[in-house]
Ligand SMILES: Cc1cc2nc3c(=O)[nH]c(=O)nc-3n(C[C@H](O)[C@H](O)[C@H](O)COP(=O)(O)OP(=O)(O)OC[C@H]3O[C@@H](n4cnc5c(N)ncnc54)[C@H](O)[C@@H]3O)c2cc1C
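First comes one chain, alone, set out as structure tokens in the form predicted on its own.
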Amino acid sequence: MPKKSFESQLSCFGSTETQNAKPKTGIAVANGRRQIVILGGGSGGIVAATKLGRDLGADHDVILIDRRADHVFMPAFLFMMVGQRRPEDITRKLKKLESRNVKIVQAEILGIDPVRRQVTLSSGKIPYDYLIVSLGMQTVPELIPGFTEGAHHAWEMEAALRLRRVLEGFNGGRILVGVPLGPYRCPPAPYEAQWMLDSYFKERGIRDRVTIEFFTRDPEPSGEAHDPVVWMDAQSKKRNIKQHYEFVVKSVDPEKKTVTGLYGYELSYDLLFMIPPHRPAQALIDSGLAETETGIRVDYDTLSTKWENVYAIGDCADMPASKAGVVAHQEADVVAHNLAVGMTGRGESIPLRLHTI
């Protein structure tokens, strides 16, 4: 069955008058439908869409846009890596949100114009009155010479599945687990990866034939034993995993199977598991919304941006917080709540107060 044209998809997004009218600002006028557009169907996007659909969907248009038809639970990629999850275990159809008064558009997001208040998609343009950007971060392994040819990772589904096949055939040698410069999704994951690999090879009965080592750009942690980074370091050492701190990666040599850091330091490997560099989604870079490598600058209390009625949540928000699903969830709750308060006049606005390490 052919896909609906973008124009036919837009036919359900309010009246023609609403679509063509110049977007208004401030609190919604009486009997006027507003268009709330949410970009990205990850952890933050689906939470914001669900809450706004429930609170506002009867009177306003809540639209979620993603290039994929499915929500993918990315924290499970490491479990896929060791064969404990399958793709169908960690995906759900975004269309299920339509039962919550959320309209779904599957399209590639190409650009955002905060002046004209419209989003350019692979199939057309869509206007908005309020915009919530939850586009996460994209992986860019090509930023490190030799990474694509010499390294594996589990930060995308296909990459995790490839690594699973490689691990199944790995019967001994040195595995390096490493961290690049810059931001990346889920900061604790490199430690989880070490521990899961340790358990995986123990279950296969070959842990004594596998050496696992870890390198990171961060300094060796110090402090109280209960501090998270100190505790994670201790857990790795308890599992006989050697740690290389303050190792800043410059390149990977897939033929020599070495990783080169600053000052010529080298680490050799038989299998390299390394987090790829991350950057904001290309549409945010091209549109000028992402002004730093860590994302869109936001107000830390409200997640609002310098553009009127535009908010950024999750990994694409330049926040002094972990780029993790739990953070995106809490930010989505606050933005959705405050939008509902502003548009209905009911309740009180709240500031973001994160509960995370």
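Keep in mind that this is a model prediction, so the values were computed, not measured. One-based numbering along the sequence shown.
The form predicted in complex with the named molecule exists for this protein as well; it is not shown, and the discussion that follows is about that form.
J.: So, in the predicted bound form, is K51 in contact with the named molecule at a 4.5 angstroms heavy atom limit?
T.: K51: no, not in contact with the named molecule in the predicted bound form.
J.: How about G41 - does it come within 4.5 Å of the named molecule in the predicted bound form, if we only consider non-hydrogen atoms?
T.: Contact with the named molecule, yes.
J.: Any chance A328 has a heavy atom within 4.5 Å of the named molecule in the predicted bound form?
T.: Although the named molecule is absent here, A328 would touch it in the predicted bound form, with heavy atoms inside 4.5 Å.
J.: Might A151 be said to contact the named molecule in the predicted bound form, defining contact as any heavy atom within 4.5 Å?
T.: The answer is no: A151 has no heavy atom within 4.5 Å of the named molecule.
J.: Non-hydrogen atoms within 4.5 angstroms of the named molecule in the predicted bound form: do G136, A283 and I313 all have one?
T.: Yes, each of G136, A283 and I313 comes within 4.5 Å of the named molecule in the predicted bound form.
J.: I need to confirm a contact call. Of G83, P75, G172, G182, which residue comes within 4.5 Å of the named molecule in the predicted bound form, counting heavy atoms only?
T.: The option sitting close enough to the partner is P75.
J.: Between D227, D270, E108, D113, only one gets a heavy atom within 4.5 angstroms of the named molecule in the predicted bound form; which residue is that?
T.: That would be E108.
J.: Could you tell me which stretch in 248-256, 163-171, 229-237, 189-197 has residues with non-hydrogen atoms within 4.5 Å of the named molecule in the predicted bound form?
T.: Contact-bearing stretch, as computed: 189-197.
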